[in-house]
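Below, in structure tokens: the form predicted alone, a single chain.
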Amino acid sequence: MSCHKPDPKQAGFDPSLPSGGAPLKTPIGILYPPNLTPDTQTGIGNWSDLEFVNAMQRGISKSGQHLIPAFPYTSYAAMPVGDVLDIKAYLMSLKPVTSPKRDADIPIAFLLRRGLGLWKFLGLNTTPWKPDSSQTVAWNRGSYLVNGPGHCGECHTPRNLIMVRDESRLFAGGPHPEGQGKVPGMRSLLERSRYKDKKDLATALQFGEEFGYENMASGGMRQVQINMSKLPQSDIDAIAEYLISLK
């Protein structure tokens, strides 16, 4: 919903539905995330399971084009296919909304999409997420949520010159993807006195600046924090347990 919300300048759209259209600023130009409601003409109403999985985990559109990785299929690739299809099942249950696609404002977009095949060879890791048997059940749940559906590393990990994530500095922070400011690192959160303990971090993720946690709303994090607050308490605690383990 954070990315696929309707454009607030366009009247008549339900803000609770992912009908798309709100501008998303990126280093390569402005994108307009598409309609994810089950409308058959402008949404995903006639997408097959295979087409949906290909988009979510391989960055391939229904028409066979390479999708720009501002859509974080590089993280969703780690998810089990069953979880991806659960997302599709939920989206298909929503009210259909007619919201025509808007082309991205990107210079030489055609050439960019052609070059994405090479980019994927370098930057798309399709290895499924696997639990770590040496860690707790909660830690593994947190690891999955952060590295898969939560796609936290997409913003909190620096990138190289061709915008491939630098996995050697995973969650070390880096330039903000919209071009202004920096995204903070998520390592050594206790050692840097950002939080007192796991419970303190979980409270920050759940309540954010309402409970006095500074900078939890900066750089677009407000909507992320609001989304996380809707998770079951066990998932919030699991995310906190995983994050505080990152040194």
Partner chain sequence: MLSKKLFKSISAGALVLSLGITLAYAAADDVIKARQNWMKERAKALGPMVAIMKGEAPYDAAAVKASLDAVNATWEAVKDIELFAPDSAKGETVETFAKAEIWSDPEGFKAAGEAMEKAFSNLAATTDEAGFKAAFPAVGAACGGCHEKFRRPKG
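Small disclaimer: the values here were computed from a predicted structure and weren't measured. Numbering follows the first chain given and starts at 1.
The form predicted together with the partner chain exists for this protein as well; it is not shown, and the discussion that follows is about that form.
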Q.
Would you classify Gly45 as touching the partner chain in the predicted complex, given a 4.5 Å non-hydrogen atom cut-off?
A. no
Q.
I'd like to check something about Ser229: if you look in the predicted complex, is any of its heavy atoms closer than or equal to 4.5 Å to a heavy atom of the partner chain?
A. no
Q: Indicate whether Gly219 is a 4.5 Å heavy atom neighbour of the partner chain in the predicted complex.
A: yes
Q. For Phe52, is any heavy atom within 4.5 Å of the partner chain in the predicted complex, or not?
A. no
Q.
Residue by residue through 191 to 220, which ones have a non-hydrogen atom no more than 4.5 angstroms from the partner chain in the predicted complex?
A. Lys196, Lys199, Asp200, Glu209, Glu210, Phe211, Gly212, Tyr213, Glu214, Asn215, Ala217, Ser218, Gly219
